[in-house]
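To begin, one chain is listed below as structure tokens, in the form predicted alone.
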């Protein structure tokens, strides 16, 4: 074993071997993979080996498509067989909601280049004659689905990496990982110590334990998972071709052919987390004890869906552990708080996602960033709120929901409430219906008396539709109040604060007392944040951005902080909270609770002012996401309830009403305001989204400037546009959410980034990315919603306050 290498990969499962191969593919060859036992010794060896492209996140689905297409390349490079069986697969729907979900997924695939189709019961019967289609409404067929040999595939990755110069050392457990002053790592193993520049945790079932060696907790947990292999079945081996995969979400089962029999796997509700106190180091090629009682109910459903199982004997029962993150997606990328420490773990669908994970991490390490938006599997999408018990609870919930429908308005209940603000009790008294993001409770809407405190999950207009409309009208016609705790907030101070921010942000830090809107870019010019900068003093700036991106943004900040100590950075997201007030009566309300001058001269648009509201010190930002006259009022969390009482008592006769995030997202559509991870995300550049107006090109050194300048001189082909969608005014109607394809002249030419119903304007609205030359006022398009085309008219003027007279006045 070498004593010094560029990269050490810990873990010899399919993910570790994929990472190793992809690093060699991008030119890094001074690599060492260390495996505690043999290759595949973990989850890989007992995996069922199925692969598929279906994923709710479009970039994850695309990476799964990449993974599946990669296997033939591996076979050509190595001369080894991956045991590929491209048999296709169908996911069946037995309810309208499930069929809606599959139609929405099919629509996404249109612009992703994935060749899937919605099929009816008769076609499903032809594809899989062993499937009982009674009660089936339809299904989604994907010709790319299939299965492979897990061991052969892993060894093919390993051989391809070795052929390029990488080294693999087996039967050598890692004992310690110690950081070095130069940013590298000393990896202490049973066979000695190796020093590396970069360390990759691809330890699978042992990723938690390996993370602990570096002092971090990676939010993942193993779950027991069972599948059965049957004896030979005549209806299977006499079929002229290999049968396709069938997934029956309602029955919690998946099924595929295995030789002359079948494999049937279960994602049951009565599930068990495994190794709660840690994965034993001597575990490897063992299986767990069978527990058929746990899967008896879904097995009964399987016997009805696949009658041939009723007479088939069971050859083998496989019960083995797989690791999951709280949302089911992998944990990939640089681990926050550590230098040159990378995660490639919690990849529970290793043969669907392993290639994409390897490519992503290799690009990140070699080229500085991935080639696509991989936020959905970025290890930094979670924060400190993900404790061990919370992670285990959410992983269990995710396992139970493996085949559940993902509704656009659904809020999952497990582990809540976890974090709340002092106003939580006030909102409960007002009949708030809560959502949760990044561990924090926030109000979605307020339920009228007599209605349930629950929003029914739906692809169509929900049970909250009327209540949200009333909140929107209260803002536009009087004044609304909304909590602003769900912004990430950062206090940047020090002699170097302004210079540093001018380097990492696209806009120039404003003068004292002013606010500037800005993007933050990667070196390749991709959007990694949209921020408000409020200049509180000569050496003090408050940043606000998405609450859910705290770990993501803090990682970037810390990676770029100057080493001379001239900049101090503090995350004050849970400390500075408060309310926004918005609407035509907002200024009147503010004037009633302070002795300070609230006129437009004293508090103009894009200003920040320190005032007192009664005895409460407050910071008022004259900016609002509703697009109306509005103010964000920040106070210390200890003063939040007092601030609310002051505003409420002063605003009753002004029509003050609380509003939630559902109304907020409706109101912003009327101004065509973009949203983080919808319009503003690492897929896009400022020139594509309109954020280039917040790029100060007179600055010569901001990160990503060269790309932004190049796109100013040679504009990109695509740009965001806003559409009014012709959707019937009915409770059964569905509005755009995201990822619906946009058609023109019989072709898919773009896709929706976000949408919904604009209640004050009474229009169904979509924002989407299309070719720039097609952005013409009144242009006619079609947007496919749940498989149905709807006429969409492009607008170039906002639906509310197009000249921003109210917002600025």
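Numbering follows the first chain given and starts at 1. For clarity, every value in this text was computed on a predicted model and none was experimentally measured.
The discussion below concerns the form predicted in complex with a small molecule, not included here.
Q: Tell me, yes or no, whether residue 225 is in contact with the small molecule in the predicted bound form, where a contact means a heavy atom of each within 4.5 Å.
A: Yes - in the predicted bound form, heavy atoms of residue 225 and the small molecule come within 4.5 Å of each other.
Q. Residue 213 near the small molecule in the predicted bound form, any heavy atom under 4.5 Å?
A. Residue 213 belongs to the contact set for the small molecule.
Q) Using heavy atoms and a 4.5 Å limit, would one call residue 742 a contact residue for the small molecule in the predicted bound form? A) Flag for residue 742 set to no.
Q. If you check in the predicted bound form, is residue 640 within 4.5 Å of the small molecule, heavy atoms only?
A. The answer is no: residue 640 has no heavy atom within 4.5 Å of the small molecule.
Q: Work out which of 302, 349, 738, 74 lies within 4.5 Å of the small molecule in the predicted bound form, going by heavy atoms.
A: Of 302, 349, 738, 74, the residue with a heavy atom within 4.5 Å of the small molecule in the predicted bound form is 349.
Q | Answer option from 172, 195, 591, 387, heavy atom within 4.5 Å of the small molecule in the predicted bound form | A | By the 4.5 Å criterion, the partner-contacting residue is 172.
(Q) Can you tell me which of 758-766, 745-753, 53-61, 33-41 lies within 4.5 Å of the small molecule in the predicted bound form, counting heavy atoms only? (A) It is the stretch 33-41.
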